[in-house]
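Coming up is one lone chain in C-alpha cells, specifically the form predicted alone.
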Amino acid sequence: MGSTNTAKVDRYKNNFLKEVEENVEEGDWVRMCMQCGVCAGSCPLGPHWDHPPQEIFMMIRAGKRDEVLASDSMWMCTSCYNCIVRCPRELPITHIMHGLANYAHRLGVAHQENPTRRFAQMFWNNVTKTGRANELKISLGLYFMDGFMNGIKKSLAMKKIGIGMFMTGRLDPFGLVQGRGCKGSGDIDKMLKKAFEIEDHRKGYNS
C-alpha cells in the first residue's frame, strides 16, 4: 500500500520546474508568478503570443515540458522590459523568457524555422568572429534568409529607409567601417571557450 502511494506521489512530482530552476537564467523566479497577467497586458506584442509569460510560467509549474520548450512564445520577446517594470512582484520576466529560448536552443528542440531564432543565431555567428556586429552582412543575411527573390522584394520595400539612412551617414553600404574587427578580436574565442567551460561545470554541478 505504501509503495502504491509513493508511486502516485512520484507521478505528480514536477521535475520540469526543478529543471527550469537549475538550467534557465533566473528560472528560480518562475514559482513566484501570481498569474495577474500584467506582463501580457504590458507587452507590445501581447496579442501575438501563443502563450503569454504568465501562461508559460503556469505550464512550467504544471510540468508541460514538451509544450513549453517547443513553443515559439519565448522567441517573441523584444527586450522592451515593460513586463519587468510593471510586474508587482518584480519578476525578471525578460531574462526568464530569453533563458527559456536559449535552453530550448541548447537542447535542440527549438523550432528550426523560427525567424527570431534564425536571426539570433545569425547575429551570434556574425559578432563572435570579429567582436563587432557587421550591419551590412547581418542585413543581407536577414533580407535573403528566405531566398533570393524574397530578399529582392524586402530590399525594394525598404529602399526609402535605406536611402535615408545612407544620406544621414547611418548606413555603411560597403562595410568599410564595420567590416573591421575590434582590437584583440583573437581573444574572443578564448573568452567564449572559458565561458562554455564554466557553463558545462555549472551544469555538471547541478546534475
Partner chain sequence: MAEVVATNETIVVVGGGISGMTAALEAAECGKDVVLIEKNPSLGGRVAQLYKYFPKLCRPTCGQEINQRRLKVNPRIKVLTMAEVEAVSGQAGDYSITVNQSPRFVNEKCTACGACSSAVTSEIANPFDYNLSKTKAAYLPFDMAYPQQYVIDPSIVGTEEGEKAKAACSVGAIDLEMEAETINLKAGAIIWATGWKPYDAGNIQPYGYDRFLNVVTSVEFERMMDPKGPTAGKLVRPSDGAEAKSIAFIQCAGSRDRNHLTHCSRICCMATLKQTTYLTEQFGEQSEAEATIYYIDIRAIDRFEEFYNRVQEDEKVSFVKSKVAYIAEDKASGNPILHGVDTEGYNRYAAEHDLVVLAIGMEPSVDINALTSEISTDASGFIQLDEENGAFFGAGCSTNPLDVNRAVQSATAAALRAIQVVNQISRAEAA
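Since the model is a prediction, treat every value here as computed from it, not as a measurement. Numbering follows the first chain given and starts at 1.
Same protein, other form: the form predicted in complex with the partner chain, not shown, and the subject of what follows.
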Contact test in the model of the complex: residue 155 vs the partner chain, heavy atoms, 4.5 Å: no
4.5 Å heavy atom contact, residue 141 and the partner chain in the model of the complex: no
Contact of residue 88 with the partner chain in the model of the complex (heavy atom, 4.5 Å): yes
Contact label in the model of the complex: residue 70 to the partner chain, heavy atom within 4.5 Å: no
